[in-house]
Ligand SMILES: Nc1ncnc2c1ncn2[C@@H]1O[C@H](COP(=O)(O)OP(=O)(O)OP(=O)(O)O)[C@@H](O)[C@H]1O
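In the form predicted on its own, a lone chain appears below as structure tokens.
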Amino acid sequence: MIANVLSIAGSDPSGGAGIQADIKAISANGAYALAALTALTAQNTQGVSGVHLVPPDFVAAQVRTVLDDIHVDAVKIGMIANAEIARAVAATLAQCKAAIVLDPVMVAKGGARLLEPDAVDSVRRHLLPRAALLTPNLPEAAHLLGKATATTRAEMEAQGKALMQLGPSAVLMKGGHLEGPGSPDCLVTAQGARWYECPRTRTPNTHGTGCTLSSAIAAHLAKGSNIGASVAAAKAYVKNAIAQADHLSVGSGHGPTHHFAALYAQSEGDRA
């Protein structure tokens, strides 16, 4: 049977991030995508110009209705927006046994804030303890801890360990903000730290990479892979999606990754 993954996140009408990216990434990685919206945004590849939040009770109703009818194998949580939505999501997932991947979306690529300042504590207290995996970038990790952003591998690993003390079973520290030719990620679990190396691809088309990675990880967890294998498979998928992103022509700012690059390549091969 095909595994089911529920994404709880905001909408990106340009299709590169948020619930749209989640659905694409989950589908491309072999699972069936379900979706509950937390927010509508007005955005394109150049930035976010508006945010309209879904009432917390209705966010909870979406999630509850899905869980009442459909077996969910994994949950990905993205944009939460405010403290009330964070509490509503946490309460609704209280009895859910599915693995939860939490991507603590705080700021959009163009700089717009997507998580209200007073919501950080709610995310920290109500959602982190429920996560099988937390996937912060370096500024997000620092914000959750109230520390300066990590600038070295040693600081990345130390902050990953500190975040584990807040409750998640594992933490994937994403190193895309580090200086240098590589983009290393550090997976911290109870067994220690594991590094995933990846050369940096020079392209402006990296909109939604965090959403895409966390959703791909959730898809592999839903299919029964362990966290280490799920991260490795998801990183390989995102690496190819970024490498092929310039084949798309979407906007004039930070364009999306090519979520279905492998499928397109296969289709072209079939026609050859």
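Just so you know, these numbers come straight off a predicted model, no measurement behind them. The numbering used is simple: start at 1 and walk along the sequence shown.
Keep in mind that the form predicted together with the ligand is not shown, yet the notes after this line are about it.
Among the residues Ser183, Thr189, Asn82, Thr92, the one placing a heavy atom within 4.5 Å of the ligand in the predicted bound form is Ser183. With the partner omitted from this view, the residue of Ile26, Leu221, Val238, Val59 that lies near the ligand in the predicted bound form is Val238 [heavy atom within 4.5 Å]. Mapping the unseen interface onto this chain, Cys198 counts among the residues with a heavy atom inside 4.5 Å of the ligand in the predicted bound form. For the chain shown alone, His177 is a contact residue for the ligand in the predicted bound form, at least one non-hydrogen atom being within 4.5 angstroms. In the predicted bound form, the ligand lies within 4.5 Å of some heavy atom of Leu213. Among heavy atoms of Asn137, some come within 4.5 Å of the ligand in the predicted bound form. You can rule out all but one of 44-52, 203-211, 63-71, 29-37: in the predicted bound form, only 203-211 has residues with a heavy atom within 4.5 Å of the ligand.
Residues from 11-42 do not approach the ligand in the predicted bound form: none has a non-hydrogen atom within 4.5 Å of it.
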